[in-house]
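A lone chain, given as structure tokens: the form predicted on its own.
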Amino acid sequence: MAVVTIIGAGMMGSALAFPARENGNEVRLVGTPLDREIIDVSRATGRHPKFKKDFPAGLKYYQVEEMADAIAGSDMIIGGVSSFGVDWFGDVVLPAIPDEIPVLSVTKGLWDTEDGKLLTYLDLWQEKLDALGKKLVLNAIGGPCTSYELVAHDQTEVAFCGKNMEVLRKLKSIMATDYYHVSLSTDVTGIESAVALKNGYALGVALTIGLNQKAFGNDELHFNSQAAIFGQAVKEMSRLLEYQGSGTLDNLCVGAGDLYVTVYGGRTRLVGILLGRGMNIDEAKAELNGVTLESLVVAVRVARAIKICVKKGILDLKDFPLLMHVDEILTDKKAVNIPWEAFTFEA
């Protein structure tokens, strides 16, 4: 039996308590400063307030002030913060973790630099650790997985990525179940980039759902346009993975799978539909007040990096018409006007 400490009691971090606990491990769920009510409710009821199923029996709950007690004696730490908690996790949590305890992050995203590079969150955290002289082993989870379906035990396949395969195998042995299947990769940049890139593109696919609802009503289903955007999204993701130096089929498939599940089961779908129906981004955000939209941040960052690389002659703007339009919608508040003809090709 291992001791698994999850720091961040949001939906995905909390969902991972299910395979971790059902695999026979001791599981400790620690809230961030924003999770106080979640921890209180979970302690009192044995259920996360947004789940329809009780946590496995025996889970232990900790408020953020009790984090040191939860970390002590752990065999692994799962970082369950959203992308908006990246700085807090890097500045507060990572320095408090002993070097011998591996970290597995569920936080998806990319950070753009002034010279057009796209860094993973593990890259950013590693810079902080290097400055502190710490030797923590950082790893991450990527792949198609929504929290509520993991809780429901829908068959799920993800990828754990990190620099040390032996560490990854240990983490897999702790977490893998008969419904939670884990591939392993030492290409951190590839896996982390793939699952972050899908965010802006999922928004692009969801635009067509809103456009069709506006044109035909909610009762008719239209898939031609969704499929066309999906294909263009995968094409542009492939080009960006090549730019990242990680354009393998495995990485692309992890990203494409995550794109699919995000289109059909994520918060990004909601904002994309509202934009497609005719709202601007400010109106859509107001309509979804309180819903975190990490996809918007990633899309703008990646688009900004592409523009820098275009000026430097590294990338060609015509290779990314879908993401550039998504960026126009988000940054310039332009109306949805999908550039369909820009997706066509001659081979």
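The numbering used is simple: start at 1 and walk along the sequence shown. Computed from a predicted structure; not experimentally measured.
The same protein also exists as the form predicted together with another copy of the chain; that form is not shown, yet it is the one meant from here on.
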Q) With the cut-off set at 4.5 Å between non-hydrogen atoms, does Glu149 touch another copy of the chain in the predicted bound form? A) yes
**Q.** Proximity of Ser82 to another copy of the chain in the predicted bound form, heavy atoms at 4.5 Å
**A.** no
Q. For His153, is any heavy atom within 4.5 Å of another copy of the chain in the predicted bound form, or not?
A. yes
Q. Using 4.5 Å between non-hydrogen atoms, is Glu157 touching another copy of the chain in the predicted bound form?
A. yes
Q) Pick from Pro98, Gly73, Gly245, Gly231: which has a non-hydrogen atom within 4.5 Å of another copy of the chain in the predicted bound form? A) Gly231
Q: Find the only residue in Val261, Val86, Leu136, Leu119 having a heavy atom within 4.5 Å of another copy of the chain in the predicted bound form.
A: Val261
Q: Would you check whether another copy of the chain, in the predicted bound form, lies within 4.5 angstroms of a non-hydrogen atom from each of Cys145, Arg239 and Val254?
A: yes
Q.
Given the stretches 119-127, 104-112, 73-81, 181-189, which is the single one in contact with another copy of the chain in the predicted bound form, using a heavy atom cutoff of 4.5 Å?
A. 181-189
Q. Considering only 314-345, what residues come within 4.5 Å of another copy of the chain in the predicted bound form, judged by heavy atoms?
A. Trp340, Glu341, Phe343, Thr344, Phe345
